[in-house]
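Below you will find one chain, with nothing else, as structure tokens; this is the form predicted alone, and questions on how it binds or moves follow later.
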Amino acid sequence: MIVIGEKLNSAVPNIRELINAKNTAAVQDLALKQAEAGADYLDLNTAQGDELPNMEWIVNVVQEVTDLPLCIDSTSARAVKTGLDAVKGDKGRVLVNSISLEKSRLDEMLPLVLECRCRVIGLTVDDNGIPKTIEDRIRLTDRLVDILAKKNYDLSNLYIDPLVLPLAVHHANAGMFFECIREIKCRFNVKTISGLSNISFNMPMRKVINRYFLSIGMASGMDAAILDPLDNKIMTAVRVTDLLLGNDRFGKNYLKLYRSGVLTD
């Protein structure tokens, strides 16, 4: 399971304050803590503020303390390019969040992804919005895969996000997402991903919902998630689910974490 640390996102008010104040020490501390907690990528979002200079700044200061791959998170192609330009070393390690089949977004973002040959999250949304059915989300996945394949893009670097909608909107939304994941993994040579916050929006005990959503998603074939790696209970869910799915040979990772006292019941 690929863990993408979500803590450095300007949508969160206190993080926005740190970024806008150029609080290097606090930002680097959050980067290091996420890395130490087991994050595989660090998501960087500076949309709430002076996005371009803030993106360049945060990429630079995070790279000073960790060599974890970065997830450049923006709907703006200019911001993504700014982040990519600031990345030191192999830009192919970067995960771009994200492209979609919305024409303007695809036209602006796709050339950057192809130029750097980096990894990318693809959203099942077009100019008509998020589809209401599993079939239509699979259809959009097929279109996106076809576009990238014709550009000779390595599809093993594509992460499809079928865009789960809140349970508070409809009780079947989680089930629809899990079915989308299973169908995508069956039909296409791509990875799958989700953020955890949408499913529990406007519900009580959100973290409990997020944890079980994550475990069922992993069992359905979800390869990656954007989450808070500083939440010991969600990280315990990741490690235990990996164990149960047979992804942790002889339980070595589980036992190592148990001995270190990291696991939480």
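Throughout, we count residues from 1 along the sequence that is shown. Bear in mind the structure is a predicted one, so any value in this text is a computation, not a measurement.
Beyond the structure shown, there is the form predicted in complex with a small molecule, which is absent from this document and is the topic of what follows.
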Using a 4.5 Å heavy atom cut-off, which stretch among 212-220, 31-39, 51-59, 192-200 contacts the small molecule in the predicted complex?
192-200
None of A21, V12, L255, L244 but one has a heavy atom within 4.5 Å of the small molecule in the predicted complex; the exception is V12
Does V113 make contact with the small molecule in the predicted complex, using a 4.5 Å heavy atom cut-off?
no
Is I226 a contact residue for the small molecule in the predicted complex, using a 4.5 Å heavy atom cut-off?
yes
I'd like to know whether L123 contacts the small molecule in the predicted complex, with contact meaning heavy atoms within 4.5 angstroms.
yes
Is there a heavy atom of S100 no more than 4.5 Å from a heavy atom of the small molecule in the predicted complex?
no
